[in-house]
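The chain below stands alone, shown as structure tokens; this is the form predicted alone.
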């Protein structure tokens, strides 16, 4: 449902509890007053242009609570992209996510307004490397994380997300799996299979997300001492030591669900700061302890660039895929839905 005129007070009510990253995500009534005119202009333009805004949970809070129509992780937004009747999708995230929306919605215009639309993880692997790996490992089912480009997806067999990777790998009939590009998720996947008696030969690539790579066991040990009742919640892109010492591991949507439903009041959240902002806004009775890390790519999205992309998109804003690549990539996402929802 598209938003109409938002008041300063309504925006402030959503943002007032958020305090992250120094002054990056801190909202006074005056700051909200400055943001409201551009938010309302964006929302009016959405109606005029039959556009919809999809925002990842790592995006700045004023975007999430001001102009977004759908918010979530890669998996949820992939499904949301399928449901919209809008003719234009503005994907406020990074390019690989916009490409996923284009793969699923070839007839729609997809725009990425980010100044920096890359991703350290997606950029860690290219199609030539995948082709070489397939030559090295014949007979393996190649499973790629959704954090990859459309051209990489097109060379793989199945796409997965952090929400469904374990389930999909378990259900794939082949006992030889090559997972790419995240080495930590690959290691965690292998450990999960070993613990659950899933007999598969799992190999993985060496890419990492620079945000999740930064977390270490020391972050957890310090919080355990200072806040013994706090629950440690982490993303599967973290290293195996962090995962082994966490109380809950899951995608961003799964992490939010856990924090919403558990009676605990204190949490250390080992993922990008955007999710911490959502917790502060939506669960005011919960307390964050420790710190989080900002993603420069996700945070390069701004209200100003969303407005510009809606008014007069630049060539770089548009997601364009050749049909052969799109169809091949689409088959890997179809396979994900098949295994994840069976």
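Positions refer to the first chain, counted from 1. Small disclaimer: the values here were computed from a predicted structure and weren't measured.
What comes next is about the form predicted together with a small molecule, which is not displayed.
> Which of 107 to 115, 82 to 90, 215 to 223, 229 to 237 has heavy atoms within 4.5 Å of the small molecule in the predicted complex?
Stretch 229 to 237 is the one.
> Give a yes or no on whether each residue among 96, 147 and 252 has a heavy atom within 4.5 Å of the small molecule in the predicted complex.
All of them do, each having a heavy atom within 4.5 Å of the partner.
> Name the residue from 246, 124, 74, 141 that puts a heavy atom within 4.5 Å of the small molecule in the predicted complex.
It is 74.
> Is residue 188 close enough to touch the small molecule in the predicted complex, meaning at least one heavy atom pair within 4.5 Å?
Result no; residue 188 lies far from the small molecule in the predicted complex.
> How about residue 162 - does it come within 4.5 Å of the small molecule in the predicted complex, if we only consider non-hydrogen atoms?
Taking the distances in the predicted complex, the answer for residue 162 is yes, it comes within 4.5 Å of the small molecule.
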